[in-house]
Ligand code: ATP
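This document opens with one chain alone, in structure tokens, the form predicted on its own.
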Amino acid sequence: MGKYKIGILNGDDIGLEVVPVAVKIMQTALKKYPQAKVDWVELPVGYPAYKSIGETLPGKTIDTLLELDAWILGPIGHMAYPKDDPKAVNPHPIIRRTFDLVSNIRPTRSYPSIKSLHQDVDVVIIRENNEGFQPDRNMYKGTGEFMPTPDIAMSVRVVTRRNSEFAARTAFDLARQRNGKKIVTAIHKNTVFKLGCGLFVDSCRNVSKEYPDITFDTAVVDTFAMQLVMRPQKFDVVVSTNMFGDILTDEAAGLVGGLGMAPGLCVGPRYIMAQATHGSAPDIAGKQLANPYAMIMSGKMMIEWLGIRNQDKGMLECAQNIDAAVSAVLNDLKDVTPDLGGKATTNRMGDAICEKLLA
């Protein structure tokens, strides 16, 4: 096993509860692999950083992240930040762009014991992370949204071959690694966006030629959205542009229990960031009600991806152990949070998973 430097950024609100739980579980799982040398580095971010340092994304945090292999970032409650202070920025898009985190991997998985709209669901959606319609990610300077008159608003979408191919390659690599159907489905609307979606699909098709063992398919986004609701079991790995993917991954999470069951991982050529899909939920912050599943599994994905990238079997085994421990706790339901049908606190659910890891 190798040596790794992993950052801890708690974020805001429930991030202060779920991130420490996820870190504790990763550290517990790694105890079985003393040959793995992990240096954990805690860094300030979000509103706690603003209150103590005066910035939501301190320069020292960015500088330190450059020296790390990966980090876990808690949910950010940027809507509550001061609107008139340029130092109160939303860290999400800045971190994603600064560290070239092109692919956002969002798995959706059902568990027999968890109430959901569908069972036997196991699909992963990869969304391109740093382009699209999002105005904070599609311009070098300024914004991709503008109003030429008080009554007209215009938005610009950016699609590049480079990022489309990277996201596609992430999807095909995952399809090859998973015990799934070995199918990658590219989502588009090239019937309307002939150039933007056309370039995206063309990029995915070109990458597919490198993976003859993986079936490549395409689907128009509105048709796919319907099929995902009706028959999610037919899909394996899905890849999409930024905004389509953002919407579809929330839809997918709703099929298996909500955003509390929606982990995520952002990956680029060099860096990896574990980041759950859900928000910071200020209404339940500090009450120990938050479901830590999404953050725990985001951390598990980070450990797994480090293992894949470095051909580190120990890290891969560690990730598998976390997955098994989480499944055992979810199957029992005795030590899960109220949203999952239990009565456990956030910390108790984390401790139960640790107990399974040490058993």
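Residues carry their position along the shown sequence, with the first being 1. All values reported here derive from a predicted model rather than from experimental measurement.
What comes next is about the form predicted in complex with this ligand, which does not appear here.
Participant: Indicate whether the candidate residues I14, L259 and D339 are all in contact with this ligand in the model of the complex, with contact defined as any heavy atom within 4.5 Å.
Facilitator: All three within 4.5 Å in the model of the complex.
Participant: Though only this chain appears here, would D120 touch this ligand in the model of the complex if you measure heavy atom gaps against 4.5 Å?
Facilitator: Residue-level check for D120: no, no contact with this ligand.
Participant: Just checking whether A225 would be counted as a contact of this ligand in the model of the complex - the rule being heavy atoms within 4.5 angstroms.
Facilitator: No.
Participant: At 4.5 Å between heavy atoms, is T56 in contact with this ligand in the model of the complex?
Facilitator: The answer is no: T56 has no heavy atom within 4.5 Å of this ligand.
Participant: Whether P93 contacts this ligand in the model of the complex should be assessed with a 4.5 Å heavy atom distance threshold; does it?
Facilitator: No, P93 is distant from the partner.
Participant: Sort through 181-189, 80-88, 280-288, 212-220 and report the only stretch with a non-hydrogen atom within 4.5 Å of this ligand in the model of the complex.
Facilitator: Stretch with heavy atoms near the partner: 280-288.
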